[in-house]
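Single chain ahead, by itself, as structure tokens, in the form predicted on its own.
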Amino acid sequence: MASFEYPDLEIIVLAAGKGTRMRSAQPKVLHPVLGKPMLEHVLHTAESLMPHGISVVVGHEAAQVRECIGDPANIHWVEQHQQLGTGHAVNCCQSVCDSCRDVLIICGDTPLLRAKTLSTLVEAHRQTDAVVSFLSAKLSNPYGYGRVKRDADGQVLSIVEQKDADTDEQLINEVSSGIFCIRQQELFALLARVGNDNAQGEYYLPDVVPLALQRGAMVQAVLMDDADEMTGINNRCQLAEVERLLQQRIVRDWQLQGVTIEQPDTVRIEASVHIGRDSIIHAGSQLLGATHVGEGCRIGPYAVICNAELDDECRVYAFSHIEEANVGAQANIGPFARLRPDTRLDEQVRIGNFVEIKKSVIGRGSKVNHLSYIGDTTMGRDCNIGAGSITCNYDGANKHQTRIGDRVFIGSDTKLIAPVIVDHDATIGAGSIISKNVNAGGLTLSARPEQRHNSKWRRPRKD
């Protein structure tokens, strides 16, 4: 991965818009894209340039945005009390940009943006000694974007917003990304001259382009290699499209790192997930949140794993659900198993079909194979829990603990009524109801009613 370092660069992230077209009470920049707010994606990209500082311009629901993102040491929050356009938003940052060489301005709703692309812009800006540089792209359908007007020699003349473009200008297919790199000493002098005589009555940041040219300054457009990176999100349709594009990128990145992903169009792998090499992700599976999958694992099909850690060579079978659990190496889970939060499985544990584990520790080599519930339990090594067995951990008011030692064998359909301890090497007969501690070794049974047969009984018939 490329390394960047720009200690003389200030980055401004524009995140003050209402996002009216999202039709949401939540600020637009907080809508998640593959598990992270879109603004968090952008800030992660900005941070990877290692700039002098990052200023985030907020306005609508500013407190909510700050609460979600937190207060990282390198982020300065700037509030735009009135949303008067992108030029006005940048101008609000004047007091925090007085000790840098250049100012890089990006949008908070562009989560596909890559650090390498931003670095390319900064390097081109500095190599040509430009005053204003911006990223542009050529689109087959440029609707909605500001058009880049050039003269006969190819020199940039201006950027014309969609609502202000005439018929000929709307035919231009080169558009501005809205991402600018501007020399700090010139930026705010140019902004002071920007007016709001336009369809929106706003102060547009792109209007610095003709103003800079009038002063004889160097202005350049740097063409992007991948136009998808500048895609902004204004409604739920665009949100879904950006998620699709980002998912394709994430899948490809993991494939190139040695992960097999079957039917990649059917899986969901969120941005904070890690997958070890030689793992296989089967169709329909979802890896969510900060999930970590070790090397040589096989997941799915149709497994859901959220904020969980799986060590090497685990096998998670179809339709299993794992949430906030830790799974040791070579464990086998499912199919149709559920591991709930605060579950920890040691190495080589087997959790079978229709088994639910909640807030429990299962020791190395132990097996809970069929139709069982284990909750609030500490279980030792090499135990075998029979089908239909459960820990009765809740008395209607409080949860209670069950402790099971090493090498315990529990017969099918056993009920362990917590709090209770089952000592090492104990065996419990099938169908038992255990409400007292069980000694080590030997066989423990609860009383069973005598088996009887009534030969005169007849099964009821429907009328």
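Please read these numbers as outputs of a predicted model, since none were measured by experiment. All residue numbers are counted from 1 along the displayed sequence.
The form predicted in complex with a small molecule is left out here; the points below concern that form.
Which listed residue (176, 343, 133, 372) meets the criterion of a heavy atom within 4.5 Å of the small molecule in the predicted complex?
Only one listed residue qualifies here, and that residue is 176.
Of 260, 120, 378, 83, which residue is found within 4.5 angstroms of the small molecule in the predicted complex when only non-hydrogen atoms are counted?
It is 83 that has a heavy atom within 4.5 Å of the partner.
Report whether the minimum heavy atom distance between residue 113 and the small molecule in the predicted complex is within 4.5 Å.
Outside the cut-off, so no.
Quick check on residue 384: any heavy atom within 4.5 Å of the small molecule in the predicted complex?
No - in the predicted complex, heavy atoms of residue 384 and the small molecule never come within 4.5 Å of each other.
Heavy atoms within 4.5 Å of the small molecule in the predicted complex: does residue 206 have any?
Output for residue 206 is yes: heavy atoms within 4.5 Å of the small molecule.
Answer yes if any heavy atom of residue 108 is within 4.5 Å of a heavy atom of the small molecule in the predicted complex; otherwise answer no.
Within the cut-off, so yes.
The small molecule isn't shown here, but in the predicted complex, which of 145-153, 325-333, 344-352, 241-249 has heavy atoms within 4.5 Å of it?
Flagged stretch: 145-153.
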